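The chain that follows stands alone, in the form predicted alone, written as structure tokens.
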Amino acid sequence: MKRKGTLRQILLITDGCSNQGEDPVAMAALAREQGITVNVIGVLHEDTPEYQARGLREVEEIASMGGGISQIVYTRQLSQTVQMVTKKAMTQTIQGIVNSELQQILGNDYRVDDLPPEKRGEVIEVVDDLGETMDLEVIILIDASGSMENKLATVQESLIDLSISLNSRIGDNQFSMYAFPGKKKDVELLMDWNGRLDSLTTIFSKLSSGGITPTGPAIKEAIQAFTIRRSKRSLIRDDASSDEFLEESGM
């Protein structure tokens, strides 16, 4: 069976403004160029409106340049928002792919909305089917700056809920997770690629909050992680092709 491809997403959960390293908006644009969607959930400070306004602008700019979705949320609403943003971003990305295919066939000005109703319905079914069957790779970037300390327990619960909600998909789900700042460097790997997020309780118990917010370096690290994963997958495919050639050749 032919594979239906892989959706690659960065899910950034933060409550503040970056203040260390590369520009996160520029890093988000770079991710988009490489076929990676950057989605951002901004966790609000209810008592600091000036800080909140600055953070809101950055959240929106990162998601816009990363081709993804931004959502501002209070901590208590985080679980539903994490699920909604992930699934909505999947659908948006697939719709973009389908629109691109239609433009190649019918011309650059064509969109799904231009199709007759019955054909439009068929395309929507295809989008829904791909949303269930395409493989999904998500790198989760968690702001562990000092102001997030009281929110991390809710972040943990929200990510476990996300994993459970995606379990029913036919496509494979793979997650990787980083915190910024880490204990010894700007960005720290918390969990390497894994199909489930059940181990988060152990991971989060070891997480410590820091003062800086190196959002740009975190996005840069995620891009590099996707690049490495893609390279490894290419090597595996090349090896498999070589094995098939040897078998077919009787060697």
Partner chain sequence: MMHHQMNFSKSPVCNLTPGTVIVGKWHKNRYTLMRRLGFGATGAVYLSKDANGNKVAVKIGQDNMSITSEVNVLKTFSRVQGNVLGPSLIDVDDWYYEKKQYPFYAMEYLEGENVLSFMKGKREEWVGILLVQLLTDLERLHKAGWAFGDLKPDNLIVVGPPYRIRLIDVGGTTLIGRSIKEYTEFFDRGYWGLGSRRAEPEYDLFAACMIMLNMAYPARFEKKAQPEKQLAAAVNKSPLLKRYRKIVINGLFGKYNSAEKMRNDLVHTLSTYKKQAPVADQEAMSRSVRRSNQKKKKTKILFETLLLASFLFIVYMFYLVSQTM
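Model, not experiment: these values are computed from the prediction. Residue numbers count along the first chain shown, from 1.
A second form of this protein, the form predicted together with its partner chain, is not displayed here; the remarks below concern that form.
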Since only the chain is shown here, I'm wondering whether Ser100 would be in contact with its partner chain in the model of the complex (any heavy atom pair within 4.5 Å). no
Classify Pro116 as contacting or not contacting its partner chain in the model of the complex by the rule of any non-hydrogen atom within 4.5 angstroms, answering yes or no. yes
Is Ser70 one of the residues lying within 4.5 Å of its partner chain in the model of the complex, judged by heavy atom distances? yes
Is there any non-hydrogen atom of Ala153 lying within 4.5 Å of its partner chain in the model of the complex? no
Its partner chain in the model of the complex: contacted by all of Thr93, Leu189 and Lys232, heavy atom 4.5 Å: no
Ok, Ser147, Ser176, Thr86, Ser79: which has a heavy atom sitting within 4.5 Å of its partner chain in the model of the complex? Ser79
Residues in 115 to 154 with any heavy atom within 4.5 Å of its partner chain in the model of the complex: Leu115, Pro116, Pro117, Glu118, Arg120, Gly121, Ile124, Glu125, Val127, Asp128, Asp129, Glu132
